[in-house]
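Shown below, as structure tokens, is a lone chain in the form predicted alone; questions about how it binds or moves come after it.
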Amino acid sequence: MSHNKNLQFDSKCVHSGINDYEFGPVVPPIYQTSTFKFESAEHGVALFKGEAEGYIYTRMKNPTIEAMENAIAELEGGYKALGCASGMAAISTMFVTLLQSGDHVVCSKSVYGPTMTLLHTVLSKFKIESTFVDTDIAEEIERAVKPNTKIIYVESPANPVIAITDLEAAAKLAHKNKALFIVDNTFMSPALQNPFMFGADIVLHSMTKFLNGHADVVAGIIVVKDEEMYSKMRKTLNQLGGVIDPFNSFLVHRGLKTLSIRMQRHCENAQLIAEYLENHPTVKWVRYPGLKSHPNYQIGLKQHSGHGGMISFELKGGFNAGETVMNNAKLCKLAVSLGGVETLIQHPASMTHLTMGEEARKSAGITEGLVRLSVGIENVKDIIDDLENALKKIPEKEMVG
């Protein structure tokens, strides 16, 4: 893909990962096959020894999957990428590759619920310990680091409270302590943030979200910086088997073509909605990277080229007010996940972060009245009208707090 090197990001979205294929298709064909025929016994031996380029079995490598992986590696500024069956398959593969019994992880306190659960309940069985801190406060990361810390893992902006970590500062801290710095870049996508530029060693995405962008795929990806890490990750992924399939790879690659233009609309809409919510009488506070009221607004300006499509806000009326809003929103669909073309609204305390437990939620700032909004690409007036109609249904007694 070297011919794409000098293209602008918007053009890379359209052209990345596409090679010359038999019969000249302009999009990569779907190689919907589990296995590949060898030219000869000698060819098969060479492939298994790694002495020849080619394909053996789709769990190991497939041209459709590889095209999508190459596209995302190029958009992120990485070396290579590994497509996984879900965001959690990507996160699990990464942790299993890099950690062993006795190791320690420092992780964002406000993080995707299943990531926390994986560290707490699965990896802890193998004597891997974790400390969860507010990674948007560099001193907290520093205090949490131990001699056995192998990974500093952050989401930025973090799910669901939109906390922003200073990636450059966190990377320096990790490397000073001989740990790897790993960033979940799902909320921003490479269209708005490139963690490798700020010192990340590995970048992860749930491709279910903005990368695919159409709420019809579950997938994840690991992007790495060099061949050595790629080879390690590939061996683990092949053994665990959490690989993406060709058809979902095709859909993600198709979604990438409109990533740049979609993110532009997500950002424009979210900015106007965040400003509207900040001035609404039922709303206690709003967290959006594009608002000057965001505690790390200046850091966001340094590392984002746009502010994203994710908003969190706290209703003065707490849980009941949140329930009222979600039951009365019509255009905004009451559903988990994010990053699609449609606007989604959800209540983290009772949905995505329920498994964390009340104490962990409270510690992470996930309050009873917290509402998470994934802003879609509809006309912004329609989204605001829908929110206004839903907020109007909150009883007057719940408008204070």
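One-based numbering along the sequence shown. These numbers were taken from a predicted model, which means no experiment stands behind them.
One more form of this protein exists, namely the form predicted together with a small molecule; it is left out here, but the text below deals with it.
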item: All of Met88, Ser206 and Ser337 with a heavy atom within 4.5 Å of the small molecule in the predicted complex; value: yes
item: In the predicted complex, Gln193 touching the small molecule (heavy atom, 4.5 Å); value: no
item: Ile128, heavy atom within 4.5 angstroms of the small molecule in the predicted complex; value: no
item: Partner contact for Thr58 in the predicted complex: the small molecule, 4.5 angstroms, heavy atom; value: no
item: Non-hydrogen atom contact Arg372 with the small molecule in the predicted complex at 4.5 angstroms; value: yes
item: In the predicted complex, the one of Phe250, Tyr112, Phe181, Phe95 near the small molecule [non-hydrogen atom within 4.5 angstroms]; value: Tyr112
item: Contacting member of Thr352, Ser363, Thr367, Asn70, with respect to the small molecule in the predicted complex [4.5 Å, heavy atom]; value: Thr352
item: Interface segment, criterion being heavy atoms within 4.5 Å of the small molecule in the predicted complex, picked from 216-224, 237-245, 134-142, 284-292; value: 216-224
